[in-house]
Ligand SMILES: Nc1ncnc2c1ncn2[C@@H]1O[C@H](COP(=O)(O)OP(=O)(O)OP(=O)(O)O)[C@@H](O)[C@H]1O
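Okay, here we've got a single chain as structure tokens, the form predicted on its own, with questions on binding and movement later.
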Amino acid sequence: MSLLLPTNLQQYPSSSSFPSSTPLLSPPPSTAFVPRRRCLRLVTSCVSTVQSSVATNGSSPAPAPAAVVVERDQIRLGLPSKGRMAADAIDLLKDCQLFVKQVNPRQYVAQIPQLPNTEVWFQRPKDIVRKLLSGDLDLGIVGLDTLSEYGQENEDLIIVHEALNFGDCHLSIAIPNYGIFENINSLKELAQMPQWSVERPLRLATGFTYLGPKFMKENGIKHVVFSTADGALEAAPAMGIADAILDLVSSGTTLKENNLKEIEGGVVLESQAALVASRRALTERKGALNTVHEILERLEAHLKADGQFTVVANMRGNSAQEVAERVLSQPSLSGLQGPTISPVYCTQNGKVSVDYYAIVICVPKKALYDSVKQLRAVGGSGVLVSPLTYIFDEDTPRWGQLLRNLGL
């Protein structure tokens, strides 16, 4: 693979350097993107070449130094310091009855009273990963994209929970939907375009200077040069700074508004927020493993219950067995486990008797209304619905997996 890194982007010709008879990027007048001068200054000022992330011969960057476990009593949990990820992380912990107490919003250290041996440190996501590697943090909540980019598969980083249900996005290649790219719809087609050569490589603007080259190499794509850019990345192709971009995509609206499109096979990584830990901290720092166990149990119980509802109804029947057969004849009434059927006792003529049975099931939100209709169809009445807050299993599956990963 030939990954070229310019010392100055201007040494590679932009689209304007080619003859007018074969324009690289020529958007139709109706869809032409005309960036503002302010945007031009922003992009050009922050475009720089990749220095150490990718070598010209395709070799891997130098590995991060091994973490050193510094003696201290507190377990340190890193959380994003600002933005949507920060708010969602705090809200998730709150939903797990772990309340982050920050005396002053300008302070970077906070406490969780429910975990008295734990400090919260607010950091930039990429710094959370770096400080996990250096030993300054023991745990952290970051996106899988950030973990993969800055962790670079370091064995000291271990994923405790990979799906915290927020921060969903994917890292994807996007190209213009006009000009020479108008009929290009897949990574294979992009790689086979005759325009790319050693003298004129595909120019890819991205902030992911580890994952980008790694992905191209794994897919056998040659003649690619990477440049870094911070902010306004979607404007780079229209400005002639790059041919394509590699960036995080959520809804895809921003790409469409800037006349860009994703391509088949161009998704590098699916990402969402994850709980990550330092392997060395878990095995060597006193109390770290117990703290992770409690956080993990709370997370698992809440996330499993998220979007689930308890449905309770009364139903006449001659026996619990007969009621169970009626309930289980309906496809939406088996629930997560069950149904649970219990006798409802009443007094008639001075005697205790059973005329009704109570049915309890847990169903996902998307199946809630169908479940209520089916309960009524088999004789259910007085249907009560309430959201679930926690579902504690006998054991937390990810805890067992974590112990196996640690060799414990």
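All figures in this text were calculated on a predicted structure; none of them were measured in a lab. Start at 1 and count along the sequence shown; that's the residue number.
The following text describes the form predicted in complex with this ligand, which does not appear among the structures shown.
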- Answer with one of M85, L187, V312, L211: the residue that has a non-hydrogen atom within 4.5 Å of this ligand in the predicted bound form. M85
- Scan K304, K261, K126, H223 and let me know which has any heavy atom within 4.5 Å of this ligand in the predicted bound form. K126
- Query: What stretch, of 198-206, 77-85, 314-322, 96-104, brings heavy atoms to within 4.5 Å of this ligand in the predicted bound form?
  - Reply: 77-85
- Message: At 4.5 Å between heavy atoms, is N165 in contact with this ligand in the predicted bound form?
- Response: no
- Message: How about N290 - does it come within 4.5 Å of this ligand in the predicted bound form, if we only consider non-hydrogen atoms?
- Response: no
- Query: Is there any non-hydrogen atom of G143 lying within 4.5 Å of this ligand in the predicted bound form?
  - Reply: yes
- Item | 4.5 angstroms heavy atom contact with this ligand in the predicted bound form for S271 | yes
